[in-house]
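Shown below, as structure tokens, is a lone chain in the form predicted on its own; questions about how it binds or moves come after it.
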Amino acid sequence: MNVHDVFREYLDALVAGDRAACQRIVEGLLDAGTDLKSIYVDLFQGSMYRIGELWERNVISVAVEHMATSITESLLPLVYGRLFGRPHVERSALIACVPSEFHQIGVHIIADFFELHGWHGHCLGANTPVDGLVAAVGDMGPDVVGLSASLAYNLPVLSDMLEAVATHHPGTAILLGGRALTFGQGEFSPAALEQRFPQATYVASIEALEAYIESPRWRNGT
């Protein structure tokens, strides 16, 4: 049993709002020993991409999109028994959405991917205030702070949050992600933000995130 065998069934159940059916599928994959990365990327992320596409084409309503999001968020803890029982290194990442950003499944998945790679991944969730993030970085001392923005009009807010973290915690590495950066232009393009904030790195995909985590910078303990 693998994700591709059950993806259509899972997506149909997600659209129908059948949380119990979705849960049975996830539990079946876990019982079968399915790779956790595949569950995150191919099932959770893949299905939410399809949900987004269906909403953009007016095939489903915004209410169905919100319901699918809620179901997906409720299913993530099913994986945690296998995820948090893995050996960990003494590195941590703190992941957050920028203020006025409420699309938080992505930041949960990113935090969990750090866990998959043996880090401690902490997620502050949606609509994180700038001063709250700055304080949390000071209290927790993460190696990496990850910031996500899905909506293009939040890019100036992302820039402000970058400025705050860079000013108050200049030694902390920063990751940038989210769909909004795909459309960022001028001063809010990924390249411009990386140039302005040398401690920041843009990751456009899960593969880029994994390459970052596994880079010599972190493997060599520097």
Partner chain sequence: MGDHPLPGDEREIAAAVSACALMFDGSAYLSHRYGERGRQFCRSGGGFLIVTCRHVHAGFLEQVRWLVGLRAARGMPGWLLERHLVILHGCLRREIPAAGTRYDGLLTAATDLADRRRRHLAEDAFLAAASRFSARAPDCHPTLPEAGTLLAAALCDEAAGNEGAVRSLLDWLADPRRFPPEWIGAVHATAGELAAEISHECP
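Numbering follows the first chain given and starts at 1. All of these numbers come straight from a predicted model, not from anything done at the bench.
In what follows, reference is made to the form predicted in complex with the partner chain, a form of this protein that is not presented.
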query	finding
Options 192-200, 161-169, 25-33, 56-64; stretch whose heavy atom lies within 4.5 Å of the partner chain in the predicted complex	56-64
Exercise: residue 152 in contact with the partner chain in the predicted complex, heavy atom 4.5 Å	yes
Candidate site 7, 40 and 46: all three near the partner chain in the predicted complex by heavy atom within 4.5 Å	no
Within 16-51, the residues that have a heavy atom no more than 4.5 Å from the partner chain in the predicted complex	none
